[in-house]
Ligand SMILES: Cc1cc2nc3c(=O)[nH]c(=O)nc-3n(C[C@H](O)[C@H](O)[C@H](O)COP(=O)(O)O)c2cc1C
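There is one chain below, alone, in structure tokens, taken in the form predicted on its own.
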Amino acid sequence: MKTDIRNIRREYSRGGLTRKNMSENPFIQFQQWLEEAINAEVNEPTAVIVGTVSEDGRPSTRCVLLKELRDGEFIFYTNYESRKGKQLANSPYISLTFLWHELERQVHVEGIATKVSPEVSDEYFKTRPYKSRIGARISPQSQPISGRMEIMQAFLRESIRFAGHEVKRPENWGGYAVTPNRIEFWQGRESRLHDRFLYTLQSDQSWKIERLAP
């Protein structure tokens, strides 16, 4: 590379975190930060990096969109036969990372993923744009294909098939609800002395809050 990336850095100075300003409930704190990200019009405020683990213990990450916060759970949707779907079927342990560059903030979540009910998946699927519903039906997500033409032809055939009819959710597509046991809030600060607060779920279902070293 011609550019020396070792020297790419900037100071963070938008704000800070103090214990007295942190909610006792991490979900309330997260909702507040998400609302602030949305109101600040950050790029893709609901984008989240999902980390799963393969059968041989190797980590795998990709980005999806958070679609709901419900009863203390983070919910996203995907193809159950995708790489992440197969990994979650083998091991339900999962991590979520939200990164809002414009606000110099991150939120890291660790927990357990379980499938939502078919009724919840059906409810959300009906709200998706028509083309997204068709795409969910025809895409063998994460599987090799011969070329883009293969997927476009499958999309066209399925679009014709469902023309004028309700597009039903395929059984291999649906939601995951992530129940967290660890949530960290990170705020960038000057000189890399960042503010970090960790919420850890206790046996009595209360949350322990600690400041972490940057």
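In this text, residue numbers run from 1 along the sequence as written. Please read these numbers as outputs of a predicted model, since none were measured by experiment.
Just so it is clear, the following notes concern the form predicted in complex with this ligand, a form of the same protein that is not shown.
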Open or blocked pocket for this ligand when its pose in the predicted bound form is superposed here, using 3 or more ligand atoms within 2.4 Å of backbone or C-beta atoms as the test for blocked?
open
Would this ligand be touched by all three of 22, 29 and 97 in the predicted bound form, meaning a heavy atom each within 4.5 Å?
no
Determine whether any heavy atom of residue 141 comes within 4.5 Å of a heavy atom of this ligand in the predicted bound form, and answer yes or no.
yes
I'd like to check something about residue 64: if you look in the predicted bound form, is any of its heavy atoms closer than or equal to 4.5 Å to a heavy atom of this ligand?
yes
Quick one: does residue 84 come within 4.5 Å of this ligand in the predicted bound form, counting heavy atoms only?
yes
Just to confirm, residue 121 within 4.5 Å of this ligand in the predicted bound form by heavy atoms?
no
If the cut-off is 4.5 angstroms on heavy atoms, which of these, 171, 55, 44, 35, is the one near this ligand in the predicted bound form?
44
Which one of these stretches, 88 to 96, 70 to 78, 129 to 137, 107 to 115, sits within 4.5 Å of this ligand in the predicted bound form when only heavy atoms are counted?
70 to 78
